[in-house]
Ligand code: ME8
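For reference, the chain that follows is the form predicted on its own, supplied as structure tokens.
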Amino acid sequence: MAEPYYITTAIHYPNGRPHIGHAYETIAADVIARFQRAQGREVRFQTGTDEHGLKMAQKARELGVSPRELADEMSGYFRELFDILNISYDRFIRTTEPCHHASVQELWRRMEANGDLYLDRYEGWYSIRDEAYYDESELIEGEGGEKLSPQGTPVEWTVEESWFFRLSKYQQPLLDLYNSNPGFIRPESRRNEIMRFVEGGLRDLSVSRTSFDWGIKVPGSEDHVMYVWVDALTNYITGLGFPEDTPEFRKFWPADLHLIGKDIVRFHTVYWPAFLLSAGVEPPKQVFGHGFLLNRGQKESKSLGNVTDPVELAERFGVDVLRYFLMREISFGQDGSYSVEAIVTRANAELANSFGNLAQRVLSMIFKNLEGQLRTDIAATAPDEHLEATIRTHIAAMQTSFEELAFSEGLESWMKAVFACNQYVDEQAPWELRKTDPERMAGVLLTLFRCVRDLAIAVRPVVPTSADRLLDQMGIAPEARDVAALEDGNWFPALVATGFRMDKPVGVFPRLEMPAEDAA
């Protein structure tokens, strides 16, 4: 029996509407979840919104609404986006839920019982935008000589009474964790960065605030609210029923993968495992920090006027096209860039012209020349066997890459399989065989039918709706679209035995036109 699999995204901060970066991370997580389900694993996929903290309180005040009203409205936009993007999450968590408050307070009590919390006074630099504390040595100088965080965000000097977490106590336990599980932090560049940070020494961490009250109360110190990162990170166990000993918690924790942006790796790989170790809870198995998504090579910002609404992109080009582009174009873990031209070019070259055209030609010729009828009475030739073996090899390579979260590399293997099919079509020329050797034509078309089916199943985690529309036309049952189905050597005779006959096919990957304003 395959092991259960638990994947989470970072929960998103809803002080504004979702942007393309939120879509990128959540699509990647969905591809992983669908891929793991196709392996036969029971998957738990969690996403949601992180709704407390000073940033939310300030934004609500600016808009003249309560923080709760702002959270309700913005969280709704995130859920709407994820539904549009066909995100197959099992749990959408909000940190304003009562069960989450109970979970975080219990984590706090356990850390306190372990002697890891104490009351003191905090004086230091704080970035409201990052919701992060920074040491003087980490700050950089802005163009006007002002102090900025390492992320380039404004910092302010903060002085207030605060509870502290004994992070310094966990320097060696964290290094032991990293050394015993080299895959805990990925990619390697992030691991090296965090190792150097922890080896350099850890200072105790301020984990409560008294200057605002939009957050989770500290047990026994009601005038303190918890540091938003203690609150936010705990969502990963709240969603499994913590602190109760639920079947979900026993089955899915520790998480297999926290998928996050590279800017919050420290919180997830230093603070989070330290909190868990303090509370007597096992740390997650892996944290992967992906890169940023850039608009024509630039970070998106309102001042530059280049902020993209992912809903608009999905409506403009299609959800599956957007999903495919983001997984194909960018080497996962590194920064990547997108543009309207790049989306159209990639989608037309690979989805429409290469795979879409292949599928449509093959199914159309079967419908027209074989009256939609499939057969098993034609012996395979050496070229047929070679093609099917080639497809299996490339799909196996694709799956290995997807296991490693190397989506672009995996889709490159998939495209090699598509190209092999198109080359086989050109070499065998079934339109010529129709006149000279109809039986051989039938053999070629049925070989291609089997290959197209395999290609559609393999790419289904990335383009689920389009792949399913194609497989529906091919008579492939919904329950026969996973890795086990790819390994089933008897599927084709079984399908033929049902008497299935193809109707006139409908293309699933139409060519995109470059919008007029972007074509210049």
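Since the model is a prediction, treat every value here as computed from it, not as a measurement. A residue's number is simply how far along the shown sequence it sits, counting from 1.
The same protein has a further form, the form predicted together with this ligand, not shown here; the description that follows concerns it.
Proximity to this ligand in the model of the complex, single hit among 206, 278, 75, 235 (heavy atom within 4.5 Å): Of the candidates 206, 278, 75, 235, 235 is the one lying within 4.5 Å of this ligand in the model of the complex.
Between the options 92, 134, 249, 292, which residue brings a heavy atom to within 4.5 Å of this ligand in the model of the complex? Only one option qualifies, and that one is 292.
Would all three of 170, 178 and 270 be in contact with this ligand in the model of the complex, where contact means some heavy atom lies within 4.5 Å? No, none of the three is in contact.
Segment that reaches this ligand in the model of the complex - one of 361 to 369, 439 to 447, 320 to 328, 224 to 232, heavy atoms within 4.5 Å: The contacting stretch here is 224 to 232.
Any chance residue 10 has a heavy atom within 4.5 Å of this ligand in the model of the complex? It does: once this ligand is placed as it appears in the model of the complex, residue 10 has a heavy atom within 4.5 Å of it.
Does residue 111 make contact with this ligand in the model of the complex, using a 4.5 Å heavy atom cut-off? Output for residue 111 is no: heavy atoms all beyond 4.5 Å of this ligand.
This ligand contact in the model of the complex: residue 333, any heavy atom under 4.5 Å: No.
Would you check, heavy atoms only and a 4.5 Å threshold, whether residue 509 touches this ligand in the model of the complex? Outside the cut-off, so no.
Who in 15 to 29 is close to this ligand in the model of the complex, meaning a heavy atom within 4.5 Å? Read in sequence order, the residues that approach this ligand (within 4.5 Å, in the model of the complex) are 19, 21, 22, 24, 25.
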